[in-house]
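Quick heads-up: it's one chain on its own, the form predicted on its own, in structure tokens.
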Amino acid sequence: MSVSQAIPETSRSSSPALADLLTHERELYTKHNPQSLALFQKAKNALPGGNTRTVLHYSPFPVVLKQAQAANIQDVDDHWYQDFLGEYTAGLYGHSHPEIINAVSEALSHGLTFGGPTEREAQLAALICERFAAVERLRFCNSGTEANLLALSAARAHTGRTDIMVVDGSYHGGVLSFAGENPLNAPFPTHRIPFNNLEVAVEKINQVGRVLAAVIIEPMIGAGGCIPADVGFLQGLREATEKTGALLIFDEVMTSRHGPGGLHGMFDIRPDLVTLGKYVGGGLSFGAFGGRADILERFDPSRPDAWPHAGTFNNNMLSMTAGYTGLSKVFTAEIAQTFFKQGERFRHRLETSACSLNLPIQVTGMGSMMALHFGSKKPRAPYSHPPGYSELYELLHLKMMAKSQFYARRGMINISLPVTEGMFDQFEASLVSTIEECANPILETVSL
């Protein structure tokens, strides 16, 4: 395959400087990653687009990874990268934490999925209830998407109502995606509210009224750009849902890593239901939904009015063991607090460095999750990028990869426990030099 066949055309809306730079970076990237390109083309014979998880694709093609250690990853062309993606927050422990590796290896020696209850699942459940204030009871599942689907279904069953409400531009899983229209979304009657706009949100909640089963929200938007909610906005949603009889669901699949008890604990707001996933499974497939005991007790199979809840791998020994080991021995409450502060310091470093360049670059986030944005002000809600922004994100991403830095194409950065101060220094220096190299196309493209 020729380089021109592998590289998509640059958007016509791009500035001349951006178009030229991006063409050059795509050519270099293709030249330096021949094995990844070959495997990408081969994979497309069986997998649409060469992969089975949409977010892992980026143009002109993604590198194919073959191994990882601590907070470093290697691709099939033998390039090593500092991992600042952190598996979209699931990789909090890094790729080879000895406590988790040893615990999982020991569990593996005793068997996989037993087809019956185990002591470990009860231990992990008790630990989660202890850590997260709003979780009085919980159920395990296999992903954050599944946790959110089950939480919403439980809310509809509990209230006897049909409709749900989401933030416009939010993401709660592959079939609960509300940035634009997704034809694969679960067919819940859905209403949208703007993020951080309490007046409009309360008005909409009151309008939907008696048919509204639940409002689901991330207390900090994750996939939509690591944008924190105002505490007053969340408190207002809590009050409005209580008045109308709807449930409030906090999607903390990502944000549960913030401090010892997630953001609902940090903000001292008690939602009716909370969903968990990502790192809580110790780096393995995991999901959980929990909350008020009176709601979750309906999943008690011994009740005559029990709600059914299936899932062959809900309590699989590897996820239960990795999750319990992680929370009890590695990411303790004390470490969680320290880690949050470490992430805050790093984000402030990136903000200060970006600000010193006098370019329209913003850094949003909280704790160990953050994101890069183009513009003169920090966004307060998810938004659609103006023309040319996607090309800017691509340019920065390709340049950063050439400097051995790995993060999300959309600008998301997540740190993991094994990241060292030296790695922070290298990432910051690489980002600053990359932004400087892209100064002209940034100024030509970004609307101030």
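Don't overthink the numbering: it's just position in the shown sequence, from 1. Just so we're clear, the structure is a prediction, and the values are computed from it rather than from any experiment.
Just so you know, the form predicted together with a small molecule exists too; it's not on screen, but the next bit is about it.
- For the chain shown alone, K278 is a contact residue for the small molecule in the predicted complex, at least one non-hydrogen atom being within 4.5 angstroms.
- In the predicted complex, the small molecule lies farther than 4.5 Å from every heavy atom of S319.
- With a 4.5 Å cutoff on heavy atoms, P271 does not count as touching the small molecule in the predicted complex; it lies far away.
- Contact annotation for Q362: none of its heavy atoms lies within 4.5 Å of the small molecule in the predicted complex.
- Annotated contacts: G144, G173 and M254 all touch the small molecule in the predicted complex [non-hydrogen atom within 4.5 angstroms].
- With the partner left out here, the small molecule still marks one of 330-338, 246-254, 91-99, 191-199 in the predicted complex; by a 4.5 Å heavy atom cut-off that stretch is 246-254.
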